[in-house]
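Here's a solo chain for you in structure tokens, the form predicted on its own.
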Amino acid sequence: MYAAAQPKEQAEDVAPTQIAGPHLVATYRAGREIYAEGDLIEKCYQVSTGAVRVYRLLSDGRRQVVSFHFPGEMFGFEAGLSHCFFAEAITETTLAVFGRRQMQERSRDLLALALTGMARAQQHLLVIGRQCAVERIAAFLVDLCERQGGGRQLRLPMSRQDIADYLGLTIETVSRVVTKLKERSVIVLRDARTIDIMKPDALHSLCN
């Protein structure tokens, strides 16, 4: 997590690590709720295709995105009996759904994936707590590079507002920093959802 993006050729698709064995499959259209705050915790989920955001609504009406999940990654693990967060599909998303019985039968595999997610969440807290806007966005892009296979081209399923709510910034600040990175030739914007990392070493140096 938040490691250096290695300058290697981008693969067409990153092969996710899927949990073997029987499970339910559910498809959600973009923007559809997967679970809500207060729902009982009866399942966990692994992304097969698409992307998911997990967030909480604050008392003043603001939204705090706490995590994004991509193919092969697990979510839905929380302490207690009910969810403290909302989960939504960002794009059309297919999930492998594991109930309590399947969770018990595959506890070792699920635990390994859950711990990976927890480690990423802990690192994200350090980024939010210690870094300025440029450093936060640089760390976010480097993390996406790693999670999408280490290549130089990033696909961004989330919006800039999602990124702002994840990094504790305003959308204006996100746009300003992205423009600054573009002007420095660190990145190239192919379109609204695709970024080419032109100087991975320079991007990584901004995270420190």
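Keep in mind it's a predicted model, so treat the numbers as computed, not measured. The first residue of the shown sequence is 1; numbering continues from there.
The next section is about a form of this same protein that is not shown, the form predicted together with another copy of the chain.
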property	result
Complete contact of R56, S107 and A121 with another copy of the chain in the predicted complex (any heavy atom, 4.5 Å)	yes
Contact label in the predicted complex: R29 to another copy of the chain, heavy atom within 4.5 Å	no
Close approach of L81 to another copy of the chain in the predicted complex, 4.5 Å, heavy atom	no
F86, heavy atom within 4.5 angstroms of another copy of the chain in the predicted complex	no
Distance check, L144 to another copy of the chain in the predicted complex, heavy atom within 4.5 Å	no
Answer range among 43 to 51, 147 to 155, 56 to 64, 177 to 185 for contact with another copy of the chain, defined in the predicted complex as heavy atoms within 4.5 Å	56 to 64
Residues within 4.5 Å of another copy of the chain in the predicted complex, restricted to 168 to 205 and counted by heavy atom	G168, L169
